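First, one chain by itself in structure tokens, the form predicted alone.
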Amino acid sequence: MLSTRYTSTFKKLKKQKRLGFCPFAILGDSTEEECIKRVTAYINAGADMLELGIPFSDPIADGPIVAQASQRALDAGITTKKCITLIKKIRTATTVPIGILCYANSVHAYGIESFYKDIAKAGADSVLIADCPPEELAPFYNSAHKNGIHCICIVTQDTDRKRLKIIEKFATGFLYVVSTLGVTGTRTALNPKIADTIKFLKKSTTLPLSIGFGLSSKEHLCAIQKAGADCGIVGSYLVKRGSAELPAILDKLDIKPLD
């Protein structure tokens, strides 16, 4: 049975007419202890869900900020097994959904079935494999669902109805909507096409929409909220900050319910 945490969270957000807030962290950056401090700041700031990245040596979907965070964690000795132990520790501190972002090689190296089994035992709710197109998702999807883990899929401004139907064969929990083409990173301005993308997806799918890539201000979050998004995922903007800076930064990102 799939985790019900996302369903409960999105239902609550809809009732409150509020945009969900999902901060991102690389597991083990720059040490396991520092990572726990970072995630604790996210939880204390009222995060509605968490996205946690498993470090990888060649993170092709990530810009320099997240790539450097991955390298710091790898240099400190983090492994996928240690990441799973960290997830278990984080789960004891929160009841919000925990999503894992990783790359296919990490899952293959660990063993697909073992990975999803251990991720589920640690308390994660979903896995997004950043470099895996839907045409190659079947073995991951099968193990994910067997172990109650949601399969998160990415859509972009170029995703048409035909492509969306293929993605929906695997996607559960929510759709990860890339706000702009390219890699992760901070942006001074949102892609002007994101509102149209959200509008198209709202008419084409019943899955909640979480927007990521480049969200770097309260204004960005307000803009996607007004466009109809269900959640905003903030990564690089937070990852580049030290844990001591985070409370003040997170306070500035606070989003109020729509009237």
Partner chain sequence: MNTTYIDIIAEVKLKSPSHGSFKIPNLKKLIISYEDGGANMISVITDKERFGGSLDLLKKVRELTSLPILRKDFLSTKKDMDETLEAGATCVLVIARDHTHNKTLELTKYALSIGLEVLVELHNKKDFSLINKLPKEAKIGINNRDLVTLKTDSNFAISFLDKIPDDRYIVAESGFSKPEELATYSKKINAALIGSSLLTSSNPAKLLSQLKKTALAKELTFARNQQRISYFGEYGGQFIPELLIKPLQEVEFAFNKFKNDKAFINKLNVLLDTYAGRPTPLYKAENLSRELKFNLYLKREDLLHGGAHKTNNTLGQGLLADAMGKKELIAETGAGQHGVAVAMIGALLKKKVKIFMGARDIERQHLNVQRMKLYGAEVVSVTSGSKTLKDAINEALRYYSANSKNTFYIFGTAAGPHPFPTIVRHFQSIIGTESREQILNETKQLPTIVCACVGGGSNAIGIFSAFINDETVKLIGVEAAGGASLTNGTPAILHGSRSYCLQDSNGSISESQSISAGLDYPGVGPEHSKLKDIKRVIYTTATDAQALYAFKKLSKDEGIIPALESSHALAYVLSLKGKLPRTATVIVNLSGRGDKDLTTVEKYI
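Residue numbers count along the first chain shown, from 1. Since we're looking at a predicted model, the values are computed, not measured.
Separately, the form predicted in complex with the partner chain exists; it is not shown, and the next lines address it.
Only one of 32-40, 223-231, 58-66, 45-53 lies within 4.5 Å of the partner chain in the predicted bound form by heavy atoms, and it is 58-66. Contact with the partner chain in the predicted bound form, defined as a heavy atom within 4.5 Å, is made by all three of 133, 136 and 169. With a 4.5 Å cutoff on heavy atoms, residue 142 counts as touching the partner chain in the predicted bound form.
Residue 94 falls outside the set of residues with a heavy atom inside 4.5 Å of the partner chain in the predicted bound form. The shortest heavy atom separation between residue 154 and the partner chain in the predicted bound form is within 4.5 Å. The partner chain is not shown here, and in the predicted bound form it never comes within 4.5 Å of any heavy atom of residue 85.
Shown without its partner, the chain has no residue in segment 1-23 with a non-hydrogen atom within 4.5 angstroms of the partner chain in the predicted bound form.
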